[in-house]
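In the block that follows, a single chain appears as structure tokens, in the form predicted alone.
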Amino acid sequence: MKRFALLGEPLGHSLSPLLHKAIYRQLEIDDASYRTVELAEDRLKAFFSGFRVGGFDGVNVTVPHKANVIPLLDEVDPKAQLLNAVNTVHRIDNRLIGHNTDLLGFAYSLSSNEVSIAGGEFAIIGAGGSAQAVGAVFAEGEAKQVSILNRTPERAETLKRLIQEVNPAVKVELVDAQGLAKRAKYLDCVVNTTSVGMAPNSKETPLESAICEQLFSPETVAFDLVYNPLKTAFLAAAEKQGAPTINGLQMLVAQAVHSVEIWMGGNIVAHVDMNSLVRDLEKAIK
């Protein structure tokens, strides 16, 4: 029996066990289990000592441990190193190897919704770990310009440096809400990478309604990495202006499938019905 788990704190409302079990069913894998393991930071070292000698075959890592686990690993792939964030760890013999599949998940969701990056202009709300994955995808995809809106200028500057390290040709601007609204007619997509609007605080939004009215139109996609609720207040405000909307569910599914591919090997992505997995999770959330 192969054993996998999600590490983080807290994990009470995580959909990952449901999602991974659905992936295993599709692949007809009956010798794998997946569960959550809530861990405080001071327990990580002891957990990874057991993991290394066979406690688990692989783990996913979520907040607040994506950076904390890195010193406990033997190897980290270049993209995870760049982001200073690991969300997937694979044990091979007694070696622990870290990866980041958030980039693949975000890129998959953009592609599935026919949002092309090359030569486009994008905006990122927030500058945390998820924002870094989003920024790296925009940079790799050769976006023309990225605007960053974040309360803390220092973190916004860190995200700007990361984007330009990946692709120096991308123009990056730090803006406030009014400055972002002024770019409205040029923007192809605005991405909320913060947790604002996540259940149970589903009435909250990262942008005031007046800014949303200026910012969105049928030509500007609103993308919220939050997936519970399925339609956040941010997406609802954008939809009122005729904007196409995307929630974070496809990204969640795709990053999980890529994690399973790392653990199991082979071209698993090609053998999974992503849309069916999304529908399963939609039912669970509703």
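Keep in mind the model is a prediction, meaning the values are calculated, not measured. One-based numbering along the sequence shown.
What follows is about the form predicted in complex with a small molecule, which we do not show.
Contact with the small molecule in the model of the complex, defined as any heavy atom within 4.5 Å, is confined among 120-128, 174-182, 74-82, 135-143 to 120-128. For the chain shown alone, residue 59 is not a contact residue for the small molecule in the model of the complex, no non-hydrogen atom being within 4.5 angstroms.
The shortest heavy atom separation between residue 255 and the small molecule in the model of the complex is within 4.5 Å. Within 4.5 Å of any heavy atom of the small molecule in the model of the complex lies no heavy atom of residue 162. Remark: residue 167 does not count among the residues lining the small molecule in the model of the complex, judged by a heavy atom distance of 4.5 Å or less. With the partner omitted here, the residue from 107, 115, 196, 97 that has a non-hydrogen atom within 4.5 angstroms of the small molecule in the model of the complex is 196. For the candidate set 226, 69, 221, 235, a heavy atom within 4.5 Å of the small molecule in the model of the complex is found for exactly one residue, namely 226.
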